[in-house]
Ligand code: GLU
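One chain is shown next in structure tokens, namely the form predicted on its own.
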């Protein structure tokens, strides 16, 4: 009798938590980037907003520091990550089977959720190196990015646009977080970093003993690059973000956008919940990092290549935002 009573009470407790929606829990992981970049706090901001509504959605989100865009896309497609943050150019390349995905075919299971902050291709050089343009990199020691990062391909695209080959420089392939130390130690002359601003790594690079400048990436070569690579756009790095740099004015360059992506097989309910929480609390989200200040509901639907996930589409239809989405992304 006593055993039966205990079992009955346990069953009632289980039914109670099911009725309140607590029994079915979903754990999701968002792949980001290095801890000093914007990807990591971006993933943290999304997780924070979703986790606040745990009782409503039953979703527990966590972030994982990763090697960057290429890693995140591949991990999302394999199911090792539920969501990933990547550069818009990397989504374009994966969807069309280009760059790292050449020979592997178009990655048609990739899905867009929404866009985040713009990311500028940032070129930092020591003043004593004499580097004032991309063309000046010839014969110099330059970190162009670690394998698996989005910035590696960006660096190659910029170098090629300005007629600089990898044979013309002494390339390094380390993570961006290591580059300021190498620059301050005199072991490299310059480094590329595709990132949202302001950024801790760039602040570190501009605040050391060795004086540095942010090198502009502009001119006819850039116009041609944007024409052949439509996922690039002109951008600007504000001087006020890095007062200790040698620059006297804002720096003009080009950039891409950071995107939140998932795979076709991801739960529509989970994608819907994440999309809804970020969009319906955008004012709060914008305050979580300076790079998010310029975000609007409309520009968060720009720069996407892969089709929108059906869970996100459900929210965009309900909210009337569907009108801002190109028809080729609605499938």
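Residue numbers count along the first chain shown, from 1. This is a predicted model, so every value here is computed, not measured.
We do not show the form predicted together with the ligand, though everything after this point is about it.
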Identify, from the list 44, 290, 67, 58, the residue with a heavy atom within 4.5 Å of the ligand in the predicted bound form.
67
Looking at 30, 274, 38, 306, which is the one with a non-hydrogen atom within 4.5 Å of the ligand in the predicted bound form?
38
Check residue 93 for me: does it contact the ligand in the predicted bound form (non-hydrogen atoms, 4.5 angstroms)?
no
Tell me, yes or no, whether residue 122 is in contact with the ligand in the predicted bound form, where a contact means a heavy atom of each within 4.5 Å.
no
Find out whether any non-hydrogen atom of residue 217 is located within 4.5 angstroms of the ligand in the predicted bound form, and reply yes or no.
no
Residue 143 versus the ligand, in the predicted bound form: is there a non-hydrogen atom within 4.5 Å?
no
Thinking of the ligand in the predicted bound form, which stretch from 132-140, 190-198, 103-111, 161-169 has heavy atoms inside 4.5 Å of it?
190-198
Which of the residues spanning 142-179 lie within 4.5 Å of the ligand in the predicted bound form, based on heavy atoms?
149, 150, 151
